[in-house]
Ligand code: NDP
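Next up: just one chain, as structure tokens, the form predicted alone.
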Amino acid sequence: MQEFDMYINGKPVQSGKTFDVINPATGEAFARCQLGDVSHVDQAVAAAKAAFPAWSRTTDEERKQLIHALAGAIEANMPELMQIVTMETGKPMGGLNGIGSGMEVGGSIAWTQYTAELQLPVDVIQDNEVARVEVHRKPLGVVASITPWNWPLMIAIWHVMPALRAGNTVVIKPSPYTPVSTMRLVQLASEILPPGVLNVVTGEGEVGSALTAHPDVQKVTFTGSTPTGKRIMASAAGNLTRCTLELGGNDAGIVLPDVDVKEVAPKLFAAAFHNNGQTCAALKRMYVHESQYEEICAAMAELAKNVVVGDGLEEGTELGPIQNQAQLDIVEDLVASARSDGGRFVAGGKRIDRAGYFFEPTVVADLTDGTRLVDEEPFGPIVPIIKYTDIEEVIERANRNDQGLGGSVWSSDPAKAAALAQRLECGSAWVNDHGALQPDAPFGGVKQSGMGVEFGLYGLEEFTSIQTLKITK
């Protein structure tokens, strides 16, 4: 069994304690990682702090080239990283509609390359005979990154690359469920970046708590659940540490009665079930007009019954297992609740009888707002389809949820759909699509789905402070 070390100050670090990483397709360990503690957090933050002055003074061009070199290292090791991602997350190598570990590693390369080219120009707001006033963007210092288990490599890239591009140094703590791809990434980076610029510490909750409360951390960036995000924000408040929090989503998709059901059903299915529904911005509540309700329920059920579920390493697999036992328990609990609430299971509804954490792709009809499966984020292969009659009413119902990450409207009239989509209370809205992210478009939530944004220039600015410089003539 392969073992993976933490990396602090450019060197491998062992703690004397390890933990197993489970392949969710088998329920068995496939790797062993070092188990860090608070002392390793202190070491990593000290290394990042010591590296910050020199790193922040590197030229813009030098940082750009080093980040391109990181993209090259990921690309050169793409087959290995794909296998690691599949074994630790369960997602297929290819996946439903091409959304699998190949997409995750390929997207990581593309995001890194794009971020390397971003610029933070000086903004001149006055330049006359009296004075010149400039606004500069400056790096913050040490950034703490805490990442989840659903897209471990991709989200690490989303956190790390803009932080480095802006001139910060980083300490990253991956989920203990999926640490391996991140540890391999930092190992590759240690051959490219100066020591201390990027460090990784693995461990349980005490490691994350120590990192977010550390007085030498200037910013925390976190992707994960809303309850954990609130704890991180409270921890960071003691030092007034800046936070970017991309939290849970219970995204609504509204299907207007003018859609072509045969054309739209596969797109709706993919939006709800890619990565087994384990994506913050997946479609999680599907509102369908009564005139097409039964037809769409039947189409979604047929797709669910025919999608190929299996080990992600096997060719042709479209959906893998749920990533961990705890999440499987949540899904099973919500299924039981949906049954007691009168949900009609048109597809799925039970665990698959095989090793690992497999659950049938599940479509539930005849639930409504106020039931747990509609109101709560399941983060698994299950979607409720909810009937509506009036568009004004359904917009209000979609907005009634306390989360607001993404939302979508589906229609043969894109202009009409766009006008409705802008009324959804969410950070990103799509028309005839859902969850489509790209490196140049900002992404973030409102309400209980977080604060701040990622991606593009807007996301890069989150890793900086503003300094106004006035030169009196």
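Not measured: the values here are computed from a predicted model. Each residue number is its position in the shown sequence, starting from 1.
Keep in mind that the form predicted together with the named molecule is missing from the display, and what follows is about it.
- With the named molecule left out of view, the stretch that reaches within 4.5 Å of it through heavy atoms in the predicted complex is, among 293 to 301, 385 to 393, 128 to 136, 230 to 238, 230 to 238.
- Interface residue among 349, 356, 95, 176, judged by heavy atoms within 4.5 Å of the named molecule in the predicted complex: 176.
- When you look in the predicted complex, the only residue of 186, 156, 254, 280 with a non-hydrogen atom within 4.5 Å of the named molecule is 280.
- Taking the partner from elsewhere, residue 102 is found to have every heavy atom lying beyond 4.5 Å of the named molecule in the predicted complex.
- Taking the partner from elsewhere, residue 149 is found to have a heavy atom lying within 4.5 Å of the named molecule in the predicted complex.
- Taking non-hydrogen atoms only, residue 361 never approaches the named molecule to within 4.5 angstroms in the predicted complex.
- The named molecule is not shown here, and in the predicted complex it never comes within 4.5 Å of any heavy atom of residue 370.
- With contact defined as any non-hydrogen atom lying within 4.5 angstroms of the named molecule in the predicted complex, the contacting residues in 242 to 260 are 246, 247, 248, given in sequence order.
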